[in-house]
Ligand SMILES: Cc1cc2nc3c(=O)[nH]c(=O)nc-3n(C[C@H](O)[C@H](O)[C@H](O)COP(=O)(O)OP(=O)(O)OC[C@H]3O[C@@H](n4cnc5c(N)ncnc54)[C@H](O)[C@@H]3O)c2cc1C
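Only one chain is shown below, in structure tokens, and it's the form predicted alone.
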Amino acid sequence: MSVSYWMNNKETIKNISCDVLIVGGGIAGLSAAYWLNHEDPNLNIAIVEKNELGEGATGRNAGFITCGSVEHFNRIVTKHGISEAQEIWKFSEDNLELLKEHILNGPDKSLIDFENIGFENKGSFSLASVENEFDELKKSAKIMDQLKIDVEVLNQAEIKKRLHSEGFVGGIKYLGDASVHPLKLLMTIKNKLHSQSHSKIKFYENSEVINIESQDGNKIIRTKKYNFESSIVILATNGYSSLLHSYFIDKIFPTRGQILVTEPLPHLLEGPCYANFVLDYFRQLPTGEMLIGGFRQLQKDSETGYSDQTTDVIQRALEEFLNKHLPFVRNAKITHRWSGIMGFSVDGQPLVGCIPNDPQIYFLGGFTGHGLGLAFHCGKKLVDMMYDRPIPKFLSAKRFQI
């Protein structure tokens, strides 16, 4: 954001001091706040969001809480080796377990009303429409079975029976995955923060950060309404990170994702699904609506950057996919179309760290389309790092300094 001389009314700007300033009011920012407050409830924490809480990628994604990363597991093994691939998968499994333990559990340790936040723990499917992808999925399943990761291989007939779909030659199901209403999950985390004893967390919405400066050993974070002074800044800005610091220009790339949703339909889909090498995805909401997103591969150039407009090419492809593969969705009325900006990391894994040569600015981001499946655990590891506890190598931004 830039502010003109005429807009810079210094007389109305309020000065606020805090111990930690978190930039970004989505799942990453509130996760970092949760774990900081869990570590030290006496910290004064300010969360600054340029719009309203969750209005970025958190409130615009598909609501998948899935394990792994942007590629099939066999490719993760090829890229990282089997030991680190297992660690990457376990990290995302733990993310869901941490959400259940700390956010989804009520005072009596029973899970809160699932219907209230649309939470379902039905697993997820990866589907192949061509044989070579099915071969990869079977390789993935074989490796995962050896590692005792719960997975199931399905043939064409089983997919048709359980998903009422056509045009898929086979697939696998990851039994532990989940889905949720992402904004309601975010508000549940916010409510948890408010309910924690001695919580000193304040939210400042509609306050886009203009710049971050150093002054007298502290950081000054300027917005149109407020000047925050803090000893520590956490950037939880994901796809927008390079707008605030040049460090991220070659590490986290803003990438647009597009989605549409239909009117409610009979419940025929067993669980959330990925297709076409994880590029496309669809799920049926607990209330019956069908959601589908993806196809950014059709317009790679235009699907990078900060514009959150939808395009005819991709929206038409989403409709055609539904009509081709899901007969029960044909002719359903489309009620919503939208897009959102994700943060894709250069190597497909998230980044947790601090800016080199500036130990007062920490960050987490680069979730590469898997923010709900990674951010809560990443927030915990960010706090571990801040308190000099070790974090996984695949997660640490220090991997780019080697």
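So that there is no doubt, residue numbering starts at 1 and follows the sequence shown. Treat the numbers as computed from the prediction; the structure is a model and nothing was measured.
Not on display, but discussed next: the form predicted together with this ligand.
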Q. If contact means any heavy atom within 4.5 Å, which of 33 to 41, 346 to 354, 329 to 337, 47 to 55 contacts this ligand in the model of the complex?
A. 47 to 55
Q.
Would all three of Gly68, Ile149 and Met385 be in contact with this ligand in the model of the complex, where contact means some heavy atom lies within 4.5 Å?
A. no
(Q) My question is simply whether Glu208 lines the interface with this ligand in the model of the complex - judged by any non-hydrogen atom within 4.5 Å. (A) yes
Q) Does this ligand get within 4.5 angstroms of any non-hydrogen atom of Gly257 in the model of the complex? A) yes
Q.
Arg60 versus this ligand, in the model of the complex: is there a non-hydrogen atom within 4.5 Å?
A. yes
Q: May I ask you to check whether Ile361 falls inside a 4.5 Å heavy atom distance of this ligand in the model of the complex?
A: no
**Q.** in the model of the complex, the one of Phe119, Tyr174, Tyr281, Phe248 near this ligand [non-hydrogen atom within 4.5 angstroms]
**A.** Tyr281
Q: Could you work out which of Thr237, Ser126, Ser165, Ser140 is the residue within 4.5 angstroms of this ligand in the model of the complex, going by heavy atoms?
A: Thr237
Q) Heavy atom within 4.5 Å of this ligand in the model of the complex: which residues of 18 to 53 qualify? A) Val23, Gly24, Gly25, Gly26, Ile27, Ala28, Gly29, Val48, Glu49, Lys50, Asn51
